[in-house]
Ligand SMILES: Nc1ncnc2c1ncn2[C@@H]1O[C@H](COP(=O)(O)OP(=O)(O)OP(=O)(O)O)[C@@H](O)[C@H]1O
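Next up: a single chain in structure tokens, the form predicted alone.
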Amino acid sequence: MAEKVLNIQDLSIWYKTYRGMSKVVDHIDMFVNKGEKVGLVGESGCGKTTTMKTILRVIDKDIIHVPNGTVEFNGKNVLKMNKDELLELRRKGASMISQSPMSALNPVFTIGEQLFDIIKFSGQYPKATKAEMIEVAKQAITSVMLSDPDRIMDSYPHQLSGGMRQRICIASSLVTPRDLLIADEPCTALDVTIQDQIHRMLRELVEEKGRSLIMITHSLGVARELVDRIYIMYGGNIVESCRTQDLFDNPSHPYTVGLMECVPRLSGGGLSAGIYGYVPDYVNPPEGCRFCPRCKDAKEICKKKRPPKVEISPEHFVSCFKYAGASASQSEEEGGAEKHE
């Protein structure tokens, strides 16, 4: 059995809003093994970033409510950690590359000061001198394909371009060793050549140093090239999970099939049809399957009950009544009989 760095079980996350509780993440399960690259794919607003921020407990408890579930990092429940344990987790256990560099970087400190503080307070260089820590910071800047590290160390975030700030966010996450790296759309502001270099660097980091990676992305192409396993997320639910190649060989959930059909093809063949409809209202989500209002294969039972997670092949799980077999048919017949009576 592979050693799990992260294990999420039955996790729900609600936001407190003026309209009531917004049930953004709904009873999800996922795990990441040591040295494994995992992709979390889904459209904007489906709960990907919220889930990852909950791992680090960086969302104010006055904003969110976690009604159920566990988040275990190296065997310890993150949701029950005290302040000192959380600091240890953030300094040595896991780091997150933000997709918004201007909010991740402090505007009143230079890049050098911010990287130096990360190195100093991580506790991983207890005997290093100030000069040695500065050198570690410069090496991190160079590793993300930025030249002239001395000038960048003396610069404030607003003095750098958007792409440079994004690379500094990546450097700040890589500057000290961590067990888990969470990359939240890390290459959004970068051109395709730099994207490829960053993706290669992340892949090598995992493979050579035994770290684990969660890549949050909208792009199935990026996930296909970079990760070992993929979780497909829709409306706060994990609807499909499997090995990466299995997903592309046999996409099974109607939402996954829809995502595949949205990908433009260079060989032609007309415009992609897209997926009909809109994401659910999280304050008043559908009673049954959250994808039901947009699903062309939806049945009556899909409107009433949450679909079960079915293993359709080894390590390939789909949450859909389409694969539930006899249990779904029986439930639908019972529902029809009750309606007839």
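Counting begins at 1, following the sequence as shown. Note that this is a predicted model, so its numbers are computed, not measured.
Keep in mind that the form predicted together with this ligand is not shown, yet the notes after this line are about it.
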- Message: Is it the case in the predicted complex that E207, S212 and R229 each bring at least one heavy atom within 4.5 Å of this ligand?
- Response: no
- Look at the stretches 309-317, 40-48, 26-34, 65-73 and give the one with heavy atoms within 4.5 Å of this ligand in the predicted complex. 40-48
- Contact of H218 with this ligand in the predicted complex (heavy atom, 4.5 Å): yes
- Query: E185: heavy atom within 4.5 Å of this ligand in the predicted complex?
  - Reply: yes
- Answer for Q99 alone: is it within 4.5 Å of this ligand in the predicted complex, judged on heavy atom distances? yes
- In sequence order, the residues of 3-33 that place a heavy atom within 4.5 Å of this ligand in the predicted complex are Y15, T17, V24
